[in-house]
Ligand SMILES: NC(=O)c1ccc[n+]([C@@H]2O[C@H](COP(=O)([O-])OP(=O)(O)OC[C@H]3O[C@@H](n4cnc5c(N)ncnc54)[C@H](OP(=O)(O)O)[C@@H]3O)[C@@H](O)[C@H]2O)c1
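A single chain, nothing else alongside it, follows as structure tokens in the form predicted alone.
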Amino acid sequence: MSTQSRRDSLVTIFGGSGFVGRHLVRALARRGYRVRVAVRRPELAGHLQPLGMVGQIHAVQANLRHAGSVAAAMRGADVAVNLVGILFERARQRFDAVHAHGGETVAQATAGQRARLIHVSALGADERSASLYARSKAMGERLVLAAMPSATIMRPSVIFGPEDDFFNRFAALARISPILPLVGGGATRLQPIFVGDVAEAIACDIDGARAPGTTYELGGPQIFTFAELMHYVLATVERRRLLVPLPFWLARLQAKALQYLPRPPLTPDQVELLKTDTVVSTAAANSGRTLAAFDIEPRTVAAIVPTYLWRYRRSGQFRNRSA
């Protein structure tokens, strides 16, 4: 897509003020797109304005439970990106309402506008899963494609970056707790991917270089077990902690109590998720439906994570060799 075409194109990003959203807004602004950020509370999206030129980024109110607000956010847009997702349920924010029916609402509004759609799901999406999160993600994909068969589906693995809810969570726990739990013994395999690479893949798809109606699986360059990642966190924050294997049944029991905290470190549904590996499938890798399709060289955990986990060290940004 030419520079002038990008300047004439409007991209509506649902959930654009979140973790992935801010990186995608930056990537699109650099390319010259006009960006409309559709969020429940536009007054909290002011941090996005400096990412672009004056008037290039604009926040509007939209709630996926209200089709009218979604349709209004899509008015005049050429492309829609649905990033809305939750990690745990609260009040009316339920997995099915947000991931499944919310995704369908965005797809219907996008189809009505005759725009393009990129729907961000998750690796491990499976309607047969014991996890409500995984089932709702899979249902969302099915409903989106039913409403708009040309939609592109992006399935990232665990996403990491400065504002992530994975490495930051366990580094913060290591700062206050003498032990870190290895749910299920820590054997679950994960393929963490840098948030900037996810944003770049979406931006490349918006550029129109790839075929619509394709599902991409996005993973980083390395596969780790959960235990390996916990060892890495401790080495990075320079803290000695006991890693304790926690059987799934016991983890689920503890999660039943922890789930009621304002930001629960673990929920019963997340325990179910940890029973399944979150890695790019052989089929996707062999067919090129990965980051390789966008000519993106994924960045490693070692190259990125230490740049923000240093704040959990006792010595801060300075190395403490005696820790």
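Keep in mind that what you see is a predicted model, and the values were worked out from it rather than measured. A residue's number is simply how far along the shown sequence it sits, counting from 1.
Heads up, the form predicted together with the ligand isn't pictured, but that's what we're talking about next.
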* Is Leu28 one of the residues lying within 4.5 Å of the ligand in the model of the complex, judged by heavy atom distances? -> no
* Taking heavy atoms and a 4.5 Å cut-off, does Gly219 contact the ligand in the model of the complex? -> no
* **Heavy atom of Thr105 within 4.5 Å of the ligand in the model of the complex** => no
* Is Ser9 close enough to the ligand in the model of the complex to count, meaning some heavy atom within 4.5 Å? -> no
* One residue of Asn168, Ser157, Ser129, Thr236 in contact with the ligand, assessed in the model of the complex (non-hydrogen atom, 4.5 angstroms) -> Ser157
* Asked: So which stretch, 247-255, 228-236, 180-188, 129-137, is the one near the ligand in the model of the complex (non-hydrogen atoms, 4.5 Å)?
  -> 129-137
* Asked: Relative to the ligand in the model of the complex, which residues of 77-95 have a heavy atom no more than 4.5 Å away?
  -> Leu83, Val84, Gly85, Ile86, Gln93
